[in-house]
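Let's start with one chain on its own, the form predicted on its own, as structure tokens.
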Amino acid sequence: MSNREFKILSPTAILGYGFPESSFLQGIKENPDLIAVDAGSVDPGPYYLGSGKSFTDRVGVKRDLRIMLREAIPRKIPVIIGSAGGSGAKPHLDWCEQIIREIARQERLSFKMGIIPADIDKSLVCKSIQENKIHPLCKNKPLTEQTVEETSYIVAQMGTEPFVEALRQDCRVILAGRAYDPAGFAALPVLLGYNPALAIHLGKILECAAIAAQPGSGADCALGILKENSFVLKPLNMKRSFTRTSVAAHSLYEKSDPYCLPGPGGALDLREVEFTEIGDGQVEVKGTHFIPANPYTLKLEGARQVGYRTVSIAGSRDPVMIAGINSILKAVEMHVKEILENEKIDGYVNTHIYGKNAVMGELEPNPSITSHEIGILLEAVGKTQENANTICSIMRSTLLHYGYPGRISTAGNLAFPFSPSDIQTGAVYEFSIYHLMEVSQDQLKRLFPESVVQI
């Protein structure tokens, strides 16, 4: 590795979230060695992985990619995209590839592209279960072969290795399925001999772009400057600056342990990290270490369909109803449950009270209602859409006319903002796989078979 700096331009926290073109062009003026962007997350829930649909808008994704490719390709700056299409399974990868091909035709761009799928074959997962090589994360139950078969798509968070292989084939654009968020940022520096710990730590911050700045934004650009023994974060918008606190806080973002940040093949050790403000809104970071894991593990993600959903939104401004909402809902839910059992309708209903504890549920430290009105969200889930519709209808109509103690008006208990009041939202998914899988180095080389195409 030479002593020169390696510059990484991160346009946005998630591809499709957008960014000011002026910030991006300011980053281009810095002559970056790499443009990398994370395109996905499990944060929006299991529906997108289970259904194979993107949670980001096509117009937004195409706009971001067009600006990136139009500036990068003529300058021969590599562009790396991780977790394509949001969840990174094959439908998401294909969706994003089609957008890139459209842009190339319209902008008359030519380049070599590496495509790296993250889908994991179910037979391999079942074999790993039999060999006791799959372990639950968090409070999940041990994975079963039946659950594997019920799961729509299974992806693994790839590390830097598949990106490195594509870079060795001189790919100017790399489009990858589900990836460990920092992997696309760290792969080229790792290939060039930079400190892997610093490269991954820098990627950990840059994958969220300017969120680590003050004021933070996921829809703005940031520049990372990797050196031999440190890295620097530089804002690209005059409105923002990095601080010791903002960068340190983001190093812990989405992590339960402040010192150990696990990922594919090992973990970052932050116990000796130093954050130093060096002026002009820049922060220098040093002291990160990497602890290799043995055995090497990959995080698997999968989602399965569990039914269909219908919702109804209503409000109440009656102080009598608001004061007794807990007992009212309990009585109505018991009535609905009895009807469902008698009619053999498969499903259930959840009620979310906004203005009380809809956000935190039983964890809400202040469950008393202090507002003059509440919002009521009825969520019915059934085995079929028809079941969900029926459950929602019964719950909504029962609550609408329920005669609670102290009620004065009998015209109806609920105010509906929409007609029709019941909204079909379609299929419901749950995360069925959120587990670690042990892999050998030979398996790792075969799990993410990249293809190279000329665009």
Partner chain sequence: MQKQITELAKVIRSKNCSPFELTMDIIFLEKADYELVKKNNGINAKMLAAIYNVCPTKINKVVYFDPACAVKICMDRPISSGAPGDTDVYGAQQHGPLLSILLDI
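Numbering follows the first chain given and starts at 1. Keep in mind that this is a model prediction, so the values were computed, not measured.
What comes next is about the form predicted together with the partner chain, which is not displayed.
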| said: So if I measure heavy atom distances to the partner chain in the model of the complex, which of the stretches 144 to 152, 344 to 352, 219 to 227, 279 to 287 falls within 4.5 Å? | reply: 344 to 352
| Among A267, V381, A331, I313, which has any heavy atom within 4.5 Å of the partner chain in the model of the complex? | V381
| Among A358, L192, I339, I291, which has any heavy atom within 4.5 Å of the partner chain in the model of the complex? | A358
| Contact of R309 with the partner chain in the model of the complex (heavy atom, 4.5 Å) | yes
| request: Decide whether Y402 counts as a contact residue for the partner chain in the model of the complex under a heavy atom distance cut-off of 4.5 Å. | output: no
| the partner chain contact at V42 in the model of the complex, heavy atom, 4.5 Å | yes
| Are any of the heavy atoms in P258 no more than 4.5 Å from a heavy atom of the partner chain in the model of the complex? | yes
| message | Just to make sure I understand: among 266 to 288, which residues lie within 4.5 Å of the partner chain in the model of the complex, judging by heavy atoms? | response | F275
